[in-house]
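One protein chain, two forms: both are listed below as structure tokens, the first as structure 1 and the second as structure 2.
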Structure 1
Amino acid sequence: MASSNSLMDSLFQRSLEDLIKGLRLGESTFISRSLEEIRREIKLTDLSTKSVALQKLSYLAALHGVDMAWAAFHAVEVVSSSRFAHKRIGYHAIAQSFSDQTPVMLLITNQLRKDLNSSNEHEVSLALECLARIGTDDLARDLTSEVFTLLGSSKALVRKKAIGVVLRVFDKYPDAVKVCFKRLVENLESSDPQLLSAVVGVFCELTAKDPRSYLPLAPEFYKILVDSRNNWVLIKVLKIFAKLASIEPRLAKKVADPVCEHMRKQNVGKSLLFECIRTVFSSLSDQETALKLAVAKIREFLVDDDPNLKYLGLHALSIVAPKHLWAVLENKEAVVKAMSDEDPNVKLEALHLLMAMVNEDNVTEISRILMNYALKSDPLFCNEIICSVLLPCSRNSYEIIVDFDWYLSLLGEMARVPHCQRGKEIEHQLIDIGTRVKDARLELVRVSRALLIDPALLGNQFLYPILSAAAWASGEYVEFSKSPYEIAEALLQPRTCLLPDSIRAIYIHSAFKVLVFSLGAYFSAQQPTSPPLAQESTSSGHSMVNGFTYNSISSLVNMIELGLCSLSGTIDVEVQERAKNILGFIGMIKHEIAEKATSQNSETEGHRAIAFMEDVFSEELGPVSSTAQEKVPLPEGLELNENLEGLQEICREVLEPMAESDYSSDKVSFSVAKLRIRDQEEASSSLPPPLESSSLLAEHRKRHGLYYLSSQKSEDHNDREGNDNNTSNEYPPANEISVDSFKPKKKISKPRPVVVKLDEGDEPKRKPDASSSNDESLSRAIQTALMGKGKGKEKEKEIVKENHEMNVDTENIEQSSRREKKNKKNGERSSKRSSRRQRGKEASVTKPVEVPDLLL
């Protein structure tokens, strides 16, 4: 702030060039100094000074992140100048800095109007550009008539820009359609390619949002498709047709020919060729000739050296893969070659294509190859590979897996891949397979044991979910294990202190299950009549189970006690509670074991206690559908409609302990949760039973009879006998899955499995409400403009119906996925992107009813 400088400053304003030069020499202080200067200069009345200051400010704002919102009013001043140079600077500043919140927005309306009506086409174009960038609802509304005039201007340049602006105006102010649409359509017949390109561009955007409204314009577009020689225009028209043809199949037939014509041309530009191919693949794939031609052309792309073309070729193939897998199979070598390309994009596309090709016969081979790749790749790609192997294999309840033993060992292998970060998915699948596929449980326990015993794995935090699944499986299916002692030891090894508490709790609980099982075996070993055990000793591995001697059982008990002693004082209540439970149980049972060795009395306290505990764990846990809650028929006497406020007190007591302890670990024993729910039921049914409930139930059944199960049993009213047969009514008959009976399994309808884990968050299934109401009014306006008044109302109803159809559609997707048969190998397997969207829809549809397993 030297005073000597200020004289210089006031006499000579720094121009933009000086500013830039100064910036290049030294940064931050220079910026703040310049800003001060600018602030001073911009307040002066001389428009030239103002505009230079504004220009400098724009520069700083654009490239150095300086805020220029405070200069909004000055920008308006500058724009009002009559000199073109000033106007330009002003409009540029406005376009750059104005937003919907700028308070002085109102002030420019008039200025814009003046400039739009100006005879100087450059001023007009400036104004149009500005409007295009900052148009608000008010501006759009106020300036519609000017835009309308300009749409018919004789100067092509102006018309072109007006067309560009129209899109924005339509978006902000749908009623503008009534005024401008006709002129817009007129421009479709123009011969000037630039104009045409602008108009077609506008329609391209409009059809993307709402194709149905623009169907009547198809003939015009067709003419352009056939006549035009300009690649840009053709590409845009193709995009329009892609949207239109997907809703109007007859159009597809008509359009196929011109598209083929374009593809066959000698010197067709690659971009146009690609767009043709893409259009064919996405919307015209039913047209035989077009499809074959496109596939032939795509082959050229795949073998080209240019990585761009290779990538695009693979990308296009992935669009067509779901419906026409033969196209992908034809180009298998190219795909495999692309897997070893250096570019990660190319590799990724190749990977997805490879997985699209997988079916029953080659799944083992392909997985083997991919796992080898995974070991050699960087972490990111490795995880992509793992993910893309997991997904198709688990699709439709493991449709393509024939050999579950092999698949389980593959899952175990994945856990050992160094970069594996897909713990959650693997965990889910391990448990899922365990509950669904009875014959695979032996292998599952074997794999789990291997994972549990290895102390090195406990250090890798990405593997924790897998370890927790392994622990749960080992505990739940301990009857299949060769050595329960080993398992219990692995579960309680000292290194488990590295695990987070929630998983530790699972480990301990599994150890409990192991203990109960062993004790049961030990106690009933003396008894000649022990039917339950006889059932389970189906394989040779079980003969050891019955061989629990006093020594072995007491060493097991002691080991468990030792392992848990230290935990009885931990901070985490989960771990502490379970440790104490087990220790208490052991304390109760210990002397019984000792007694057992000496006495021959079969019916001791110990026996009863053990038998009781065995019962608790003996129910088979099955997979629970996300819609299972809906299927529960209303129990007698349960009033759903009445206000349940009185239950607040009771419910809170019951629900809270459940929420605390069980939420962290999903694998709580099902029966324990059931006990609590039973209490809740009893509490709720203490209300006077009105007669309505049964009639409500009958009504419900009538409407949704499809979803009601044949038997009257609901999950809540299961008997305590621990009989497997009870559960098999509601749950899928997991017993029947084996190598041979794979086909019959599919015929039985199963509850839809929750296969997909949306790690990155849900995708919105439809446009959010705010925009859709706007879009509806826009499409309604367009309908009226195109059809005339008479049919306008019809179209309105159609639109409403269409929205409803969209709702129904997502339901249909759900239904059809439930009843899916295994017959189609290639059909209906979605490619990654479309399936993500579809699954996103499905998942979000099922999300509201998805209940955590334990709450049933």
Structure 2
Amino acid sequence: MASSNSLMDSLFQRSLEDLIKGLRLGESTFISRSLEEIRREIKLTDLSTKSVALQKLSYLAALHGVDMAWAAFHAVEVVSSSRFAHKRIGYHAIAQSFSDQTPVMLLITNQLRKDLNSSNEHEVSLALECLARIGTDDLARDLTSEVFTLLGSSKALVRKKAIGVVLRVFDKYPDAVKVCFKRLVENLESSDPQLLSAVVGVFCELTAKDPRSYLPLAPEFYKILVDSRNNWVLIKVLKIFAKLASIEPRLAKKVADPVCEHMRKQNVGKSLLFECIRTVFSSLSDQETALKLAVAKIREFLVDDDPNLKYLGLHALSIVAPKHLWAVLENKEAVVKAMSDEDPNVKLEALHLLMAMVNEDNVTEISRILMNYALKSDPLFCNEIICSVLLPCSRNSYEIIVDFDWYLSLLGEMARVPHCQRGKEIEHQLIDIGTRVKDARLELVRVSRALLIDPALLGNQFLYPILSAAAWASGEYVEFSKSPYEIAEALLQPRTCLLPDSIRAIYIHSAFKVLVFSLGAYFSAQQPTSPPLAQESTSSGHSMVNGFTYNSISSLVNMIELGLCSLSGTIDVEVQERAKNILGFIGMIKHEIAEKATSQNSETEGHRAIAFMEDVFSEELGPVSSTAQEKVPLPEGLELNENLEGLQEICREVLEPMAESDYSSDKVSFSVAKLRIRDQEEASSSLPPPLESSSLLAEHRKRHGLYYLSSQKSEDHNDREGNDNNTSNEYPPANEISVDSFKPKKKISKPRPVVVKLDEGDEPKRKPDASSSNDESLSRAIQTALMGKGKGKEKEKEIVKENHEMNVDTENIEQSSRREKKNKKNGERSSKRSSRRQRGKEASVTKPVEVPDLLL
């Protein structure tokens, strides 16, 4: 009965073609119904039905992402079939779904071994392909002997795939090198182009991981480079020599000649020609003849109409540009012409090459050309142009920038490019130049003012960072402004409501700086003066005080007060708080502004508050290194607990007394005046703290001493500071800077301003990769195999030499007397010692892996 049901299922079973036709009808529930059928069919004992179900499941997993891990055991059952069609479906499913964590992985070891030893080359091929995809450490170890046998197979198909599997086996089981490496090297002498291509491909991948281990095989690769006529084999060999020549410079001189011969051929393939050029540019650039020939050949790619070849030519120039810029300059016309190409990849490579030619003499001209391209380019390429200009200009603290006024104006022009989306980079450079270059702050304020008064920029969200930097610079360096009133008006214009709240907070803070500066200039003057900061003329009827008349300062204060009144009720807490703080400050000093015009008394409370705020904003900000936080040493006695769950208990102890206190929320009121009076009372009072608070603090410190610094050390440190006030702090400042002037090589009309640089550079230190390489064991195994091969040859030479010495000694013994025999014995001892020393020298010479003398 069961057999009849199986027969019926197989007769009416849907094939893979039926499944595809059903999927094309677009039924939403077809996949779920098909999976139910597959689950039912795959459990049947008939291998034909099971294999078709597994084939459909593999198709759904590949195209629709259906999970097929549950069918792993059924795939093993299909593989065990004696029919090749079933095996192919089973191996395909295993290669598609199996991983190192598959539970039934161990069940296929014997089946793989059986198929690898099969007389059918197609079954062997299926097993090798499966091993190359899912090979684990255990599979590679258990099947190394079978792979070794197949490396010497007489069937080209089997041997070719066995050579490809070696790469996976070596990676998973490095000890397989001891078994298979010698036979793999022997395949380098094969005359079959398919086998040679396979083995060279394997060595190309191995050399990319650790080229030094394969230097002894340079003679074999050199022979293939000279004798082979297969372009793909030659390309792989050139890739190998590009790696070897970079670590063994003597090899480059020998390889340069055959590489040049390939480039001089008339009908050489473009792929081989490009690989020769790339090899010369990357590893043989010290060979003048080869380099000049490669530069001449690269022009064929640059002038070709095919965009692919043109891209390859530009890419090859980008390889040689860092070391031999003259090669790019010789082809600059073709590079500039490529900027107008239709292919975006060609334009991008041309852009990178154009920026590689930038120096302090031509940066102005090249930037002007690129900005013209940016105005008429698509958004993607436009932003690539802007980024390509920003990056080299800011490298090494703007070392190629001489005229910072021009560069700041260029940054302002970039902000007005319609498709500009590099606001973050421009923001960083505007602030960075302001903190580093003092002579450029006047131009920075001018550029910032132009950006702030432009209402069209407020609607572009990509420019918000630039406006933030402009607002900060206008407030921080307001003393360089010709019209503080205009700056404040631009900062508080109604259209700023389009900005995010975080940037509006910066606008308000900058307006506060402008107000403080203007009030300070108004209140600090003892006599009427007339600098260029005047907002209104003296004909208004009031005397001008340090550039501000009573009318001008009053209009400034009224304008700021009017602009902030609407912001005092905003939802954002940061904006609301800053607006109310400034309004409170204005209310405190507003009535004293009129008194200043008639009175010279500078001891008023408002004047003291203004002087205090001027001191707050007077400290100049400097650049801070990205590694400044790492330079701060960890205080002794501080233990940083990685698991901070203990802080929850501390916070509970602190918050519970507050919650249980008798003070209600309506009785708590905060007042600046009360806080100031309380601070003065605490400062004037010399009484010790209450005993209750001291005992609570001592108890808390005793229970949670992990989070406290050592009290003894802090007391000793305070005593040392009290005894010697001139002692410097043992902790270095976070932003330790030094002024380093740049001396240009050529005489220029305008001197380069001083740029503040950090002592240890501005670039963040990159931590070395702590992860150990997985290829170290494989490299050691290959080096051992190659050195063992050399040692075997040396041992053969030593044996021949010893036999020759023994023959000579026997002849001397027969012709000498007993006395001579004794002398001869002494001589033999000395000769043995000398021969041992000579062997030691020869062994020491053969230890390092070097290129054989054949190539040198």
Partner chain sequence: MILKICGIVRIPPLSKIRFILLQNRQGKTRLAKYYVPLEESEKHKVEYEVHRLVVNRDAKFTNFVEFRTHKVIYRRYAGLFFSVCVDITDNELAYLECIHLFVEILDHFFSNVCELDLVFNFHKVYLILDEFILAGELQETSKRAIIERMSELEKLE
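What we label the rigid core is the largest C-alpha set whose atoms superpose within 1.5 Å from one form to the other. These numbers were taken from a predicted model, which means no experiment stands behind them. Residue numbering: sequential along structure 1, first residue numbered 1.
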Chain form predicted together with the partner chain: structure number out of two
1
At a 2 Å cut-off on C-alpha positions, does Leu195 qualify as shifted between the two structures after fitting the rigid core?
no
Superposed on the rigid core, does the Cα of Ala450 end up 2 angstroms or more away between the two structures?
yes
Relative to the superposed rigid core, does the CA atom of Tyr311 travel 2 Å or more between the two structures?
no
Could you tell me how many Å the Cα atom of Asp572 shifts between the two structures when the rigid core is held superposed?
8.8
After superposing on the rigid core, the Cα of Phe517 moves between the two structures by an amount in angstrom of 7.3
